[in-house]
Every structure is written in structure tokens, then in C-alpha cells.
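Given as C-alpha cells, the chain that follows is alone and in the form predicted alone.
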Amino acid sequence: MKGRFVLVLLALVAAAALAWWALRSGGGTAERPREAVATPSAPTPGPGQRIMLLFPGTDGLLHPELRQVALPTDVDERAMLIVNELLAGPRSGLLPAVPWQATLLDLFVDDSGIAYVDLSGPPAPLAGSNVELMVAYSIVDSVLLNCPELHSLQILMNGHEIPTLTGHLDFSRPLVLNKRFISKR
């Protein structure tokens, strides 16, 4: 009988402690409305938001590199920030997304959710299907993974549509997300 009393007492103490913890940590419903009212919405969130950029590795695959940035809420500005971060190059041992000193000339998003990225073209012709795939999907996948409002992206060079970069991939149409080239590690 005494053992049963101790067990009941311990259960009551544990339940009281759990209830106290839930109320103190914001788990109670009384705290939620006050939080919702007290939190103003900002047009541009503050620093410290994480984006994932994809850079080529020596293994012929794209590898993620995470960065903390002040991420704009406007999709045009967000896509522009992502492309500029890619063009700045990797901070780790990965390869550049674009193997020439490219500049973002323009970026716009149409009403249907297609982004158009206009880059300065390479100074000399490029060769190799893997070079073409890594340039294309480093840009396409990085932008589309960080901008879920967009469904495809077309790469332009020097203000013009290009049929291809090295002769293997059709650049004349918008490209969609392709996770096949992203490393699983």
C-alpha cells in the first residue's frame, strides 16, 4: 500500500512538472496569440538565413555549400543574390560554378514563374558535356531550390538566347530542377 502511494505521488509530481514546463516554454495556448500579435512582418528578413549553393566537385557532381545571408523576400532579388553568390565562387575546396569571370548582366522573372539569367559569355569557346552540365545545373538547381516560387530557369548570354554552351544541352528553352547531378554525400 505504501509503495502504491509513493508511485501515485511521483506520477502527480511528474505531471505537475510537465505542465509547468509546457507553460514556461510557450507550449500553452495562452502564449500563442500574444506572440502572433507581437511579431511584426518585415519586408526583408534579417541576416542569418541559410541558402544552399551547388558547386561542381572534382568528381563531376554538384556539392552543396551553405551560406548565411540576408535573404530578400522578393523572388527577383532572392534569385539575383543566389546567382551573385554563385559567381563569387566557392568558399570551400569546390570548383567555380562558372569557369570564366562571368558577370550577372540581368535577371528577371516572368509572371509564369520562369527566371531568366543573363550572364556575360565566356571569352573563348568551352568544351565538354560535363562542363556544360555543371554550369547549367549549378545555376538552375541553386536558384530553384532556394526560390520555390520558380519552376524553371533559362540561361542567356550577353542578352541573347543561346542554343547550347558546348553542344550537348539545349539552352534555348528554360531548364527545370534536376537533382541527378547533386552528390548524395
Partner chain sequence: MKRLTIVLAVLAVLLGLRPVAAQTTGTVSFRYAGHVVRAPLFGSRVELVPVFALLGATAKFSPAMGTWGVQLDNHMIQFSPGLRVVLADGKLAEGREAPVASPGGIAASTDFLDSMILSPLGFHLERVADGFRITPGGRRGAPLTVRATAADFSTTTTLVLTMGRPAMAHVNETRPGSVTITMEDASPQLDRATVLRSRRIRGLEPTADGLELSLAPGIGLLSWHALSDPPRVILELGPKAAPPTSAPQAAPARRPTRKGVRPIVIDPGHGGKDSGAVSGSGLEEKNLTLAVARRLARVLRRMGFAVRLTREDDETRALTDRTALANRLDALAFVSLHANASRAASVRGAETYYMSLDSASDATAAAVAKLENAAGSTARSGSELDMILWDMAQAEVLNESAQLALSIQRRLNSLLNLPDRGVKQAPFVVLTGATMPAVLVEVGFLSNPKEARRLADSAYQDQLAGALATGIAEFLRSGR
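Positions refer to the first chain, counted from 1. No experiment lies behind these values; they were computed from the predicted model shown.
Another form, the form predicted in complex with its partner chain, is not on view; read the next lines as being about it.
Its partner chain in the model of the complex comes within 4.5 Å of no heavy atom belonging to A79.
Among heavy atoms of G128, some come within 4.5 Å of its partner chain in the model of the complex. Taking non-hydrogen atoms only, V140 never approaches its partner chain to within 4.5 angstroms in the model of the complex. Although the partner is absent here, V98 is a contact residue: one of its heavy atoms lies within 4.5 angstroms of its partner chain in the model of the complex.
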